[in-house]
Every structure is written in C-alpha cells, then in structure tokens.
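This document starts with one chain, in the form predicted alone, laid out as structure tokens.
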C-alpha cells in the first residue's frame, strides 16, 4: 500500500517521485473512475480551496513530523506543534525535534513573523518565505491558505493526475510577500482537493513539486495529512510531512504571544 511506502522511514524515497506523480492518487485517495465535470469559475474554485483550510471562528492545532532526505546524508527528522487562529491570521510554530533545536519557534504577531532562539533568548525577524529548519517546507506551508488574496488566475485547463481528472490553475503572484512568483495547482474535478502543486521562480524555473496523497476530514473540512515536497533544484532532496493530533479545541490567547514562546522554550 502506498501509505505504507510513505510512512516507512527506513525505506528510501527515491522511487516515490514516479509513484506519486503517476499512480499514487488512485491508491491513496480512491480508485473509482470519475466523470467529467462542468468547468467552474476559476476564482470560485480557488476560494473553495482556501476555505478547506480556513478555521475562522475556531482555533486549530496539530503536530507535523517532517522527514527530510538529502543524497549522501542521514535523513533528518523535524517535529513541530502548530497553533493557528485564522480569524486574526495568527500562528505559532514550536519546534519539538531535533533535540538540539527544541524550543525554537516562529510567531506571527500583527504583520511581523518572528523567529525565537531559546539559546540566545532573542527574537529576530523571519518571513513566510523561509524554509522551516533544515526541511523543504516553508513557514507558509503550515499557515492559512490565501491563494485568493495572494495570486491571480492566469489560465485554467483540464489535466490528469494519475487516473483523476483535474483542473489545472496557473497562478501569478500579486504580492512579493509570497514564496513563489508563479504557482500551478492541480485540483481534483469531482471533489475540491489539491492533488499536486508546482512552484516556480520569477524567471520561470520549477523550484519544487508538492504532492498531497492523503487527506483527513476535520470539522467538515479536508486537510492533507501526508505531503511530499520534492526539491527540483537539488535533485534527490525531499521532505515527507505527516500531520497528527489535529484539533480545533479553543486555545488561550496567551499562546499567540512572545511571552508564551519564551515560557514553553525554557
């Protein structure tokens, strides 16, 4: 089973590029054929995609385990606990593993993103574009999706991911705050789910490919519980992300403060 291939960390992931982008979706998400769908309004479709991860009115928290592989290096494991309050666009990312980085964290306060180092006990400016520790994930990968605000749809076509018909949305950034100037999304036609994403630089170079083979339903919303990010510049480098312990239980206001990050990092 594909989910087993994805979660066995003692097995190399080198063959997963082909598996994920060719056959995995039929195995991990479902295998029944789907019929062609009427072409939706691209802006409305993008809004539906954003709404899937929007927990406005509730708090969201989860643990993310990120296994990163680089050729010639021992695989590394980064674990974080993420807290989000989407209504105020607040988030806090607390590093749990590796032990040497335990207690470090990222906090969005107003329009600022801060990185906290418990060793120096200092905060420094960070951004949504930064890679999370030594992984292929960006800070923005763990926050509220905002494609509708950050991008403009330049084209919409039909395509296939595995055996699933998809809508292919080509997006152009309308702000320099995002990590990538151009993004191509592959959205399942029969049910709004992101199956694949391609991120491009300003000069049009493919930087990374992200696959979303497995989802979990929470409060009527679909969240990717497994993600594979492939570095297209440094071939063979990739990160596999697994989400667990997801919750929408209320969080104290103090969670989204510098004082809280300093306290839990002691």
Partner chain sequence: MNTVLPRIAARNLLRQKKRSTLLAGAIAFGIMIVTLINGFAGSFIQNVSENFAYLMGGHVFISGSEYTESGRRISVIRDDSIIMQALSESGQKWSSLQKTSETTATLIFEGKSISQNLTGIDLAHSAMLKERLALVSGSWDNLAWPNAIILSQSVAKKLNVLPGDTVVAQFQTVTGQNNVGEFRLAAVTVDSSFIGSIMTYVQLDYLNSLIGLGKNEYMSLGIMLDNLERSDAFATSLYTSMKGMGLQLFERSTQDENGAMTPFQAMIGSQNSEEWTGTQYRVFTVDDVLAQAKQIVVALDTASVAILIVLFAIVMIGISNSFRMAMYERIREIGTMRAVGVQRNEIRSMFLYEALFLALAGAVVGIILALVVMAILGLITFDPQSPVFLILKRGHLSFYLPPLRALGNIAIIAVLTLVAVYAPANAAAKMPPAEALRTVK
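Numbering follows the first chain given and starts at 1. Keep in mind that this is a model prediction, so the values were computed, not measured.
Keep in mind that the form predicted in complex with the partner chain is missing from the display, and what follows is about it.
Chemist: Would you point out which of 168-176, 188-196, 77-85, 98-106 contains residues with a non-hydrogen atom within 4.5 Å of the partner chain in the predicted bound form?
Modeler: Only one stretch passes the 4.5 Å heavy-atom test: 168-176.
Chemist: I'd like to know if residue 123 sits close to the partner chain in the predicted bound form, meaning any non-hydrogen atom pair within 4.5 angstroms.
Modeler: No.
Chemist: Verify the contact flag for residue 180: yes if a non-hydrogen atom of it lies within 4.5 Å of a non-hydrogen atom of the partner chain in the predicted bound form, no if not.
Modeler: Residue 180: yes, in contact with the partner chain in the predicted bound form.
Chemist: Is there a heavy atom of residue 44 no more than 4.5 Å from a heavy atom of the partner chain in the predicted bound form?
Modeler: No, residue 44 stays farther than 4.5 Å from the partner chain in the predicted bound form.
Chemist: Even though the partner chain is not shown here, does residue 201 get within 4.5 Å of it in the predicted bound form, heavy atoms only?
Modeler: Close contact exists here: in the predicted bound form, residue 201 approaches the partner chain to within 4.5 Å, heavy atoms only.
Chemist: Determine the residues of 227-266 with a heavy atom within 4.5 Å of the partner chain in the predicted bound form and present them in sequence order; the list may be empty.
Modeler: The stretch 227-266, when checked against the partner chain in the predicted bound form, contributes 231, 233, 234, 237 at the 4.5 Å heavy-atom cut-off.
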